[in-house]
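This document opens with one chain alone, in structure tokens, the form predicted alone.
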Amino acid sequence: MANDSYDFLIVGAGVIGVAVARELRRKHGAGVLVLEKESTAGEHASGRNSGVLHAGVYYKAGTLKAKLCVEGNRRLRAYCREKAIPLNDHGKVIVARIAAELPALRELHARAQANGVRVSLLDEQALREVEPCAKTLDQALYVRDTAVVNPQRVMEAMVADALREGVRFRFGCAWQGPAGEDAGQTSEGPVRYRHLVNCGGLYADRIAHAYGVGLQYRILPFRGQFYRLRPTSKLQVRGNIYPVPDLCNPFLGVHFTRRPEGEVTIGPSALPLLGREQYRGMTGATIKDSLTMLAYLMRLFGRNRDHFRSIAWTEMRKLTRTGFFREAEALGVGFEKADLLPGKEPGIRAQLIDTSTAELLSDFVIEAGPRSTHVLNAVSPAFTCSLPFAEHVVGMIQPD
């Protein structure tokens, strides 16, 4: 590398990596290099998500997600307007499919109020005025500040801003591991740094383990598959139609999302994988990874924390078009199986598990190491939270 010494080295050019790099540059005026093994930023989860800017409904008061989501939503919506990035800001409705979901719906209402989110409970008539084709049992929750954006447009704007502010990027350059106390080996040679920030997403656990950090944690990948809604469907969507989720697990269920360009997506699924980049079939799954992931899945299935067996069976049903349709049909009036069209490229969620307890971790996890800081669990709503999240991470760093 022409300049092989930096104050800060960021591994991973997803939304968190880019936001952290910008914040480090602003706060310290320091030399910042972002390494990314792909040819562009946001190639994985950051550019493949649904683009929903969450408002902060789901998270218990006091959690890091709750603290960052409301502010992140406000600031990212403002950023998109400043950059002329189109937004669909028609909000979101969360609907109850059966009577047993109503207590959880009211719990979400209470959490949202505790977090300072603008929400209201609607009866069926009021729901029709907000989202005419949505259907619910008795009540629905209307979340005003939920919005939808094209995540790739956001990534392009953030990278352009970072470059203008003096952040350096090295694309097509893979991190290979530490090379002493203040250096790392990459596919293009060694690079020295004062402090490393691990924003490695699907590989964050491996990077952290090389520093002796978070040894009880492992990334378990889940693939999110989407369909598209046939434009001529009788089901018309203004904003977002979500089901009431199982509050014991971190997945929100199949939902309808109208993107700013007008396309409506249906999804995602959350299929546990055998490989970290297993986007299609078995491509991306190695024998070593497969054996490791199978061992984790068997333990999660056996311990059944967070209702994992229920998650697994539900996701297996979604492997078929019929099963996927059945998951979504209760959310809206006029939806037919023929309305499901092939969707966009799937994304993979880098879900952290605690191997000591066989638990899927819901909150963000960030840990310090020698000359390093490690973002280990930055799943949804990390995209929404990215700007205040970056400030939080940088605030934890004590430069060596």
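These numbers were taken from a predicted model, which means no experiment stands behind them. Note that residue numbering begins at 1 and tracks the sequence as displayed.
Not pictured, yet referred to below: the form predicted in complex with a small molecule.
Just one of 325, 142, 175, 217 comes within 4.5 Å of the small molecule in the predicted complex, counting any heavy atom, and that one is 175.
Checking 211, 193, 308, 226 against the small molecule in the predicted complex, a heavy atom within 4.5 Å turns up for just one residue: 226. Taken together, the three residues 67, 91 and 131 all stay farther than 4.5 Å from the small molecule in the predicted complex, as judged by their closest heavy atom.
Considering the small molecule in the predicted complex, the lone stretch of 355-363, 44-52, 25-33, 330-338 in range is 44-52 [heavy atom distance within 4.5 Å]. Mapping the unseen interface onto this chain, residue 203 counts among the residues with a heavy atom inside 4.5 Å of the small molecule in the predicted complex. Though the partner is left out of this view, residue 374 does not reach within 4.5 Å of the small molecule in the predicted complex, counting heavy atoms only. For the chain shown alone, residue 382 is a contact residue for the small molecule in the predicted complex, at least one non-hydrogen atom being within 4.5 angstroms. The small molecule in the predicted complex comes within 4.5 Å of a heavy atom belonging to residue 268.
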